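In the block that follows, a single chain appears as structure tokens, in the form predicted alone.
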């Protein structure tokens, strides 16, 4: 199929989408395979394996759909939102701040526990993305971290690291 500007449809295939589909499929398969190693409690009808199976399966399905869409010639459309300047370069300082906060969270989560590091993670990411209300960000982060800690521990039976709050939570 030719277009008025002389490009054929085969020339417009975005090969990066195939790469993204491959990475998505690999991560989905890894999630499914890795979930097989989770311990299932006796008499627990759902267990901790269900969510990784669902998420991994959805990732594989999305990878297949992306590959099919790419093969059909679908191209992503650039966002034309009024608050996004597509001509400006990436803000690598913000990316570096977010990466540093994530690495710090990985290093401290076993020592301080999820409730503390989750709150710091949320507040740090909000700060890196431009928020200047540190106290509110910390309170929201702690509420979300403690809530997610109880959700995993009580609701799913998956213990997250309590850290310094062991015995308090």
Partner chain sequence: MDTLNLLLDGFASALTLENLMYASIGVLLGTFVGVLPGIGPAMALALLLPVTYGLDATQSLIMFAGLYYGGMYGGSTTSILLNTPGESASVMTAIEGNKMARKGRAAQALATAAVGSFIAGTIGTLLVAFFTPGIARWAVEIGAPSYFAIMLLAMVLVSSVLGASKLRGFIGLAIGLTIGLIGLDASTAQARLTGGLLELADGIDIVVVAVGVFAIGEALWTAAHLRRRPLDVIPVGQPFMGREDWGRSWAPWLRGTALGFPFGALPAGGAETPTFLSYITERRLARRHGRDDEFGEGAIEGVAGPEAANNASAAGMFVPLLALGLPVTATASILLAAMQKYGIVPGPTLMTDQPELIWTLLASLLIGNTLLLVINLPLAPMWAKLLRIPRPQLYAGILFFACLGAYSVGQSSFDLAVLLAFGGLGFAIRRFGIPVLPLILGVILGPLMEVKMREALDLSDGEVSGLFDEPLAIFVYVLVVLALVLPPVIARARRPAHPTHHKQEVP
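Keep in mind that this is a model prediction, so the values were computed, not measured. Each form is matched to the other, and the largest set of C-alpha atoms that superpose within 1.5 Å is called the rigid core. Numbering follows the first chain given and starts at 1.
Omitted from view is the form predicted in complex with its partner chain, to which the following refers.
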| query | finding |
| --- | --- |
| Contact test in the model of the complex: residue 148 vs its partner chain, heavy atoms, 4.5 Å | yes |
| Partner contact for residue 139 in the model of the complex: its partner chain, 4.5 angstroms, heavy atom | no |
| is_contact(residue 12, its partner chain) in the model of the complex, heavy atom dist at most 4.5 Å | no |
| Heavy atom of residue 75 within 4.5 Å of its partner chain in the model of the complex | yes |
| Core-aligned C-alpha movement of residue 135 between the shown form and the other one, 2 Å or more | no |
| Rigid core superposed: residue 18 CA moves 2 Å or more between the shown form and the other one | yes |
| Core-aligned C-alpha movement of residue 54 between the shown form and the other one, 2 Å or more | yes |
| Cα-Cα trend for residue 20 and residue 92, given that in the model of the complex the distance shifts by 3 Å or more | closer |
| Residue 93 and residue 19, C-alpha gap in the model of the complex relative to this structure (3 Å or more) | closer |
